[in-house]
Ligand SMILES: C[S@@+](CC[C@H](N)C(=O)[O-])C[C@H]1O[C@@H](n2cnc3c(N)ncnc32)[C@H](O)[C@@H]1O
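Only one chain is shown below, in structure tokens, and it's the form predicted on its own.
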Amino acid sequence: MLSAYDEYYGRVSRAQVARIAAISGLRPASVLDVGSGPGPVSLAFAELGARTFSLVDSSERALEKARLSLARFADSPGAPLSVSTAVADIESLEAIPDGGFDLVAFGHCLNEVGRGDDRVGRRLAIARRAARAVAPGGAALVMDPATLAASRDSIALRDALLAEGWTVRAPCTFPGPCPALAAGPTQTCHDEAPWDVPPEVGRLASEAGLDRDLIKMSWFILSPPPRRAEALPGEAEPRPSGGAYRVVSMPMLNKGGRVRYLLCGPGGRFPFSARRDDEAARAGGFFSLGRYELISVDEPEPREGGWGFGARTAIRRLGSLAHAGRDGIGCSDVR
């Protein structure tokens, strides 16, 4: 079962981390991988240049599989690694060692903590303890599944951390409580993107009746207080400010014949639309916007509750996902 899990979800998790790094520019040199399982998150960061790892999991067999995977990677020329492991439940005090890690990663594990009304509080307690392991300028990565329940819980954890002085570094451009969470119980925000499905994953997905054409996850990179002025190691994407907005939906056609996206940024979450036959909007790149692109919009046309693409409107693509096509975040109204 462990091997099957690693064969399937391990590859998915590595692809998810690669996407997060592409969007955020995150390139840590040292990683504390909490709830590591067989190590796909650590292996993904090793492929991105990290060289020091501490893995924590409740399963010794999973940790042994992680050690073997990292050892095989370290056998590559120019890829020496420092790897330590510890068997511990992630809610235990010993799960989070003191130390200066560039990144503390929680890959698909916090969502498994708690099932009752105290679940977000229990996850918040773990994140608080993680703060002591973050080096100055470092951060924590929370990556959870993209289901409605899991993503809303992840957003609730994000908001609780921000209320305690943490800073969200990516992907959010809005620094306050998440507008999607406040919009109602059917609303959420998650990242999704097409990927090159490995043959083994495609075979397992087909046999299990699963759709794996997209990778989907809810994720946040956050820095604990008070060390939030320094840049993340290797951070490449411009820090969102002023007029920078994320595209957080697929294009949607309304009854009035307008195509709209949802944008999220300093002013919260709101629609940005254009007539579907608007040639100026087409020439200006409106209809080719991809989910999770970071953009600025000059001289939008004010419309009720949002913006329209007007005669003087111009879109500027910012950051590493410019011209990324279909890649992007999914901001869902689940019905």
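Since we're looking at a predicted model, the values are computed, not measured. Quick note: we count residues from 1 along the sequence shown, nothing fancier.
The discussion below concerns the form predicted together with the named molecule, not included here.
Annotated contacts: 36, 40 and 58 all touch the named molecule in the predicted complex [non-hydrogen atom within 4.5 angstroms]. In the predicted complex, residue 24 stays away from the named molecule, with no heavy atom inside 4.5 Å.
In the predicted complex, none of the heavy atoms of residue 129 sits within 4.5 Å of a heavy atom of the named molecule. By the criterion of a heavy atom within 4.5 Å, residue 213 is excluded from the residues contacting the named molecule in the predicted complex. Contact between residue 109 and the named molecule in the predicted complex is found at the 4.5 Å heavy atom cutoff. Residue-level contacts in the predicted complex: of 264, 155, 143, 134, one residue has a heavy atom within 4.5 Å of the named molecule, and it is 143. Among 75, 89, 164, 118, the residue placing a heavy atom within 4.5 Å of the named molecule in the predicted complex is 89.
Here the chain stands by itself, but in the predicted complex one stretch of 265-273, 284-292, 40-48, 303-311, 40-48, has heavy atoms within 4.5 Å of the named molecule.
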